[in-house]
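Just one chain follows, in the form predicted on its own, and it is written as structure tokens.
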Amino acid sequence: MPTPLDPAAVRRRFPGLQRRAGDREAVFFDGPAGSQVPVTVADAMRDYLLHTNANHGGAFATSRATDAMVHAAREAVADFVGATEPEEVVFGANMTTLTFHLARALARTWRPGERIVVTDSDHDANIAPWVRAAATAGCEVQRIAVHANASLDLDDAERKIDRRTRLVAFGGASNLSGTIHPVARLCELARTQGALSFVDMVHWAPHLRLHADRLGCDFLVASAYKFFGPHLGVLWGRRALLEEIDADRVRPAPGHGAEKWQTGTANFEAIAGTLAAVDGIAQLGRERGAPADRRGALDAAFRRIERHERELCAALLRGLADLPGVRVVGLADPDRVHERCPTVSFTHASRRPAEIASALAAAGVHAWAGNSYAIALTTALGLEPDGVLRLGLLHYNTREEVDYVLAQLRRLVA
């Protein structure tokens, strides 16, 4: 059994959590749209800009320091996603930009009549790039359907992933329902048919340990600002594929390695912050005598994170079940929290999500209303145009905050 997290100790690392709303601290249940940042991340970015700011590839001291920092960051992210080597890690403006970039490159290898498979559960950043790329290449697009409980229909996936399929794109977990998808099984279905697999791990990354080497995927993406870092996107890809595929780049840029995929000058200060973010998570695992190596520390950290978040999520689901008119989207059973991330979306019989979000904001609760860019899912479940009210928990949230939010909701729907 992992050692429980000390929420008070965790929260001291995040100055933003000290924001006041009236006579209490604000409640940040907006994590799925972007987490708060520990002071170590801001310090790393500040230190880079003030003391080693330079472009990379030069012979002078600050340029060499930049190269060393970028390599260290690639090593850290490789440990974070479970990759085998740093040169499989590509940094970019954000997950969406990286996905469009890769989609354009892969589309040049596709032919009319071939098939691209996406899902009805994903954030549109893992749908629109592939749909547009398929249209350019003359490929057919198939969508894996969802059940009424927001889980993916695996029977439908087996029907639609066939020998014509070139790529299957899906998320590790839904950013709207919190549902964890059967990643390894979908990767296996793609691989069996000779197709590539691309997994959006943006919503998974702050909650669950990542193991690219075990999942069997060919590419995965994440966003540092969802796992307590700055606004930066991360792409991991199998080295052979990154070398083989022709990437859009200027002529003097490297034609191999991760740099081949990074268009223009990188955001070095954000890369420095991402390194600090990964090390900050690992530090949670080094407490109480956990392994000193970063991968072992990350394993231990996520065991602690999962235990804490699942306890909070179960409490939230139990509380929502007692509120009249509330319907949770996705898995609502507190005993099945291991099948979902602690992101809980719901609708109310008579109150629009935007109305509830505004009332919560007045009470100092940060939460989102709408479709959260998962418009395929809200459309499939008949939730447009209003969408849902989304409450997203992270490891820095507390049981007291859950109880406070439930009390506010109880007052609103009374």
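What you see is a predicted model, and the numbers here were worked out from it, not measured in a lab. The numbering used is simple: start at 1 and walk along the sequence shown.
As for the form predicted together with a small molecule, it is not shown, yet the points below apply to it.
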Do L210 and the small molecule share at least one heavy atom pair within 4.5 Å in the model of the complex?
no
Non-hydrogen atom contact S223 with the small molecule in the model of the complex at 4.5 angstroms
yes
I116 within 4.5 Å of the small molecule in the model of the complex, heavy atoms
no
Applying a 4.5 Å heavy atom distance criterion, does A272 contact the small molecule in the model of the complex?
no
Would you mind picking the one in V344, I144, L235, V202 that has a heavy atom within 4.5 Å of the small molecule in the model of the complex?
V202
None of R166, H123, H308, R74 but one has a heavy atom within 4.5 Å of the small molecule in the model of the complex; the exception is H123
The small molecule isn't shown here, but in the model of the complex, which of 88-96, 157-165, 312-320, 330-338 has heavy atoms within 4.5 Å of it?
88-96
